[in-house]
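Before any questions on binding or motion, here is one chain by itself as structure tokens, the form predicted on its own.
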């Protein structure tokens, strides 16, 4: 059996809150687990294996009634604990319990722990200041991409590609002409690049105008990429009028934001990519939020084809030893963190399986 490529005992973003609404469930595969998300009593979010124990139908094709998930094939009703509650004219309470998942709704997202529910700790969900602070505004979206999630981590931890992939929006030659620094702090990896006395590219010219600043003067630009497991990348980005401190410039001299990237594996070669941008200037300007979201959406769409074709090539040439350059340090270090977490998870799982007594199920 091949080794897993992603941790399962971790919190992943599974959906945006508004994707699960009313009586309609959402079926989504997360880390190889087919999961049905739905709203139970008091609109609480719930998640169970997307599998009806009667005939194997997808429960996500059904509907919610009185807080129970009703299979759309023969009407079996499932509770949030994965136990069959009832079925028209049938005795079904002896059915084996299906898997349920630890799930939490927070910050406008639905988070799921696809592994051992007993190990799920809600305090491990990262704090998102921009999601709770009224001085920030956020706009984002979701892409499905056919690539290994680690390729997206590589992409975001090395922004050199912006010069080439995003030449018409955020790319400029100064990016790959400026050195990048990489630091590892426990399970966190940080890469940073600073550019001084340059002209802002088109996207950042628009951001300067959006903050009421001149866009035709020299600026200092920064990119600080922060990876945290299992696969989250937050990137502090922005430009400030040159000579005012760059990243530390006062608010009236800069346009700065945090690029939000939640990368959730679907399978070994496909992902759910929750992208967005949070900004701490003019948070009340919804039109500006919409404009930035549209621009960001187009930028991230440019990565999609590159990553999918890259995945195709890697599958076609599985034994090719890829080159490692200085600019790859952020992605390489992030993968090492991921590998360490997976190794610990595998050791713990093996211990639990060895120690566990044999169990039988009676009907």
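Numbering follows the first chain given and starts at 1. This is a predicted model, so every value here is computed, not measured.
There is another form of the same protein, the form predicted together with another copy of the chain; it is not shown, and what comes next is about it.
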Check residue 53 for me: does it contact another copy of the chain in the predicted complex (non-hydrogen atoms, 4.5 angstroms)? yes
Heavy atom to heavy atom, is residue 100 within 4.5 Å of another copy of the chain in the predicted complex? no
Might residue 89 be said to contact another copy of the chain in the predicted complex, defining contact as any heavy atom within 4.5 Å? yes
Heavy atom to heavy atom, is residue 266 within 4.5 Å of another copy of the chain in the predicted complex? no
In the predicted complex, the one of 299, 70, 337, 45 near another copy of the chain [non-hydrogen atom within 4.5 angstroms]: 70
Exactly one of 161, 293, 253, 226 comes within 4.5 Å of another copy of the chain in the predicted complex through a heavy atom, and that residue is 161
Are all three residues 83, 118 and 204 in contact with another copy of the chain in the predicted complex, where contact means a non-hydrogen atom within 4.5 Å? no
Select, from the options 213-221, 108-116, 130-138, 71-79, the stretch whose residues sit within 4.5 angstroms of another copy of the chain in the predicted complex by heavy atom distance. 71-79
Another copy of the chain in the predicted complex - contacting residues of 284-313, heavy atom within 4.5 Å: 305, 306, 307, 309, 310, 313
